[in-house]
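As structure tokens, one chain now follows by itself in the form predicted alone.
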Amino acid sequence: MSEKFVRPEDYSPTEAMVIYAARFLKNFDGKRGLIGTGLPLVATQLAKMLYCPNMITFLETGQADANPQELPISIMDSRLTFGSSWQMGDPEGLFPLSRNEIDFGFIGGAQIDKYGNVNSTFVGDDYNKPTKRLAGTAGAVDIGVFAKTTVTLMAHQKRRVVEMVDYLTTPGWMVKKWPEGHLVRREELGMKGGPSTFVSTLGVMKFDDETKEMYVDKVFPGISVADIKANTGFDIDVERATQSDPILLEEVRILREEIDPLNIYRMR
């Protein structure tokens, strides 16, 4: 293997997820994105350094065109204000969504289902007695409803990639209509946009134009379609899967030495 490439055993699954997400974001150079904190922000910073310097980022806490030089440790970290064109509050951070000014939303979560619905609220069968209470929605509902498309970043595990999320925080393509409880297409509820891509620690997933169900688009080096099927909570389509290009040494170097040198997000 050429020296410019890195062997799969020399980087972690989380690093792979962040790097391939950064590559995908090159599609949004010059576009406006509302970015969730955590690993989506890490991938965005890497993308801006390598692939899409003209991407304009908004944060739900009110920063426009933010360009933090150090990774924030929380959504309220003042590092998020560095380089921003303006700093307002939470409502102002989300207003561009409702004005149809955001080209894509980039979020994480605890669960994603085959229709791209995301759960970041709780795990379990009972909202009042959850197995695990999570951070909650923040701007995830607004992003899923109003962004022109949504990209999701999440570890690929059977308990996370499920048939149907325990709780719908961010709407995907098919959602339960209240109070009837049956699934309907998002446009029947007046929602535009919809999820386009799910980047995991194993590969890149997209959604079928007709059925709106998730399928495997790219498989990462060192990963097989059998690995993805074994770690998915439903029978995912792998027939269209192709192999991703190898990870570059420069991508790993920048991620480790310039983006997160202190390993705050424990990617390695």
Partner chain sequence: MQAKTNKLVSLNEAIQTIHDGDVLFMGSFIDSRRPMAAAHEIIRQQKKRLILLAQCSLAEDILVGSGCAAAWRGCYTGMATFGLSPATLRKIESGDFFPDEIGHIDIILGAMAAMVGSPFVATRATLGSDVLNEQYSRNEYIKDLAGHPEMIPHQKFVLMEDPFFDEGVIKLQPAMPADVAIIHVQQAGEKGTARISGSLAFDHYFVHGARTVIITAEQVVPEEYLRRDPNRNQIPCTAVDMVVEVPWGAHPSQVQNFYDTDSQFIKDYVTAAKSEEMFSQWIQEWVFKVNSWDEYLGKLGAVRLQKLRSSPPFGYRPRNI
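By rigid core we mean the largest C-alpha set that fits within 1.5 Å across both forms. Predicted model only: the values in this text are computed from it and were never measured. Positions refer to the first chain, counted from 1.
Absent from the display: the form predicted together with its partner chain. The rest refers to it.
Heavy atoms within 4.5 Å of its partner chain in the predicted complex are found in one stretch of 128 to 136, 101 to 109, 193 to 201, 150 to 158, which is 128 to 136. With a 4.5 Å cutoff on heavy atoms, residue 217 does not count as touching its partner chain in the predicted complex; it lies far away. Contact annotation for residue 266: at least one heavy atom lies within 4.5 Å of its partner chain in the predicted complex. The closest heavy atom approach of residue 61 to its partner chain in the predicted complex falls within 4.5 Å. Within 4.5 Å of some heavy atom of its partner chain in the predicted complex lies at least one heavy atom of residue 142. At a distance of at most 4.5 angstroms from its partner chain in the predicted complex, none of the three residues 211, 227 and 237 contributes a non-hydrogen atom.
Using a 4.5 Å cut-off on any heavy atom, none of the residues of 219 to 250 reaches its partner chain in the predicted complex.
With the core held fixed, residue 136 shows a CA shift below 2 Å between this form and the one not shown.
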